[in-house]
Ligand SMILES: Cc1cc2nc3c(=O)[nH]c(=O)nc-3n(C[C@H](O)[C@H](O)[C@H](O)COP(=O)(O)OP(=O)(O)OC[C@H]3O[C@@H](n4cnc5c(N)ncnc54)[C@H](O)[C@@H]3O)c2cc1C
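Next comes just one chain, in structure tokens: the form predicted alone.
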Amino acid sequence: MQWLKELDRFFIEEGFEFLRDVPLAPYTTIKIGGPAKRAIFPRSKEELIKTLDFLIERQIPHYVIGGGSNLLVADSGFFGVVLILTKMKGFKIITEDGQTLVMRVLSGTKINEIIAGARKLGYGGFEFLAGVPATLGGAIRMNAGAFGITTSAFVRKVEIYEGNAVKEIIPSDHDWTYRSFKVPGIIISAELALPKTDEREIQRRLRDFWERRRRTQPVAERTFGSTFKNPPCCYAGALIEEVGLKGFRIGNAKISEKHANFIVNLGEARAQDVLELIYLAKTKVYERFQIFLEPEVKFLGIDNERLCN
């Protein structure tokens, strides 16, 4: 495979950190997935762009991962390059006027790091995602939300790599939908606008949101977060529970007994086990209610046509 030799030579010459034939399971929250031919860990915007330019110019298959939530990787893995952005993190203050903090944050920064950094300065906003193992890039791409609040409420500007160019987008309302930021491209960084918030209020929100999450979701288990988007009419978890699948198991994968819109890896679950559970839930719900459940989870190395139709 000539492209692999050329790729390795490029990484070595540039001094980029990378791994060969690396299992992807440890880089996902559900801990499932076979190997990628190469995984690279960009540490800066410049490393990321240089790598993407190289991959795109040579038409090498590639995929970008943040915190690895909302992702299911095939048991056979991915025949290409995975860019893991968790080392491309950090933020700097743009403005702070005592009412609003504007900060530019690299996309690999974890949500909990954003919460902690803003809190030290007396600002809040992202407490609704406390405990969620996501990076900012993933939270924006999925328009992550909980308890009636979404990431879009705090994003002022997004820096994106798309079409071999870097551009800055000021998102409009039309760019956001339920669980999606529609502007194509790879998110490099974003400007967040966070309101001044009393420390006691931040503590209260963190406590309340975490308690609600702990009480209703399997937070201590290996999952990829919500499996399906909620349809306009109702909650996906309630529909799955209504068709009797709460606690149903295939292999070492199980629909959570705490929340039926979560699938749990009990130990050595395979991606195929999870896929069968997803398909079963979709089928049963449609047969009973004529409601189509759309997966929220993303798939890598998996033909998901059966799951999305």
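Note that residue numbering follows the sequence shown and begins at 1. Nothing here was measured: the structure is a model prediction, and the numbers come from that model.
Just so you know, the form predicted in complex with the named molecule exists too; it's not on screen, but the next bit is about it.
Though the named molecule is absent from this view, in the model of the complex it lies within 4.5 Å of a heavy atom of just one residue from Leu55, Ile255, Ile65, Ile40, which is Ile65. When the named molecule is considered in the model of the complex, only one residue from Leu192, Ala118, Ala144, Val82 comes within 4.5 Å through any heavy atom, namely Ala144. Interface residue remark: Phe126 is not counted as part of the site for the named molecule in the model of the complex, having no heavy atom within 4.5 Å. When contacts are judged by a 4.5 Å heavy atom cut-off, Arg179 counts as touching the named molecule in the model of the complex.
Using a 4.5 angstroms threshold between heavy atoms, Pro133 counts as touching the named molecule in the model of the complex. Taking the partner from the other structure, the named molecule in the model of the complex has no heavy atom within 4.5 Å of any heavy atom of Arg20.
Looking at 162 to 170, 92 to 100, 118 to 126, 209 to 217, the stretch with residues near the named molecule in the model of the complex, meaning non-hydrogen atoms within 4.5 angstroms, turns out to be 209 to 217. Residues of 215 to 238 placing a heavy atom within 4.5 Å of the named molecule in the model of the complex, in sequence order: Gln217, Thr223, Phe224, Gly225.
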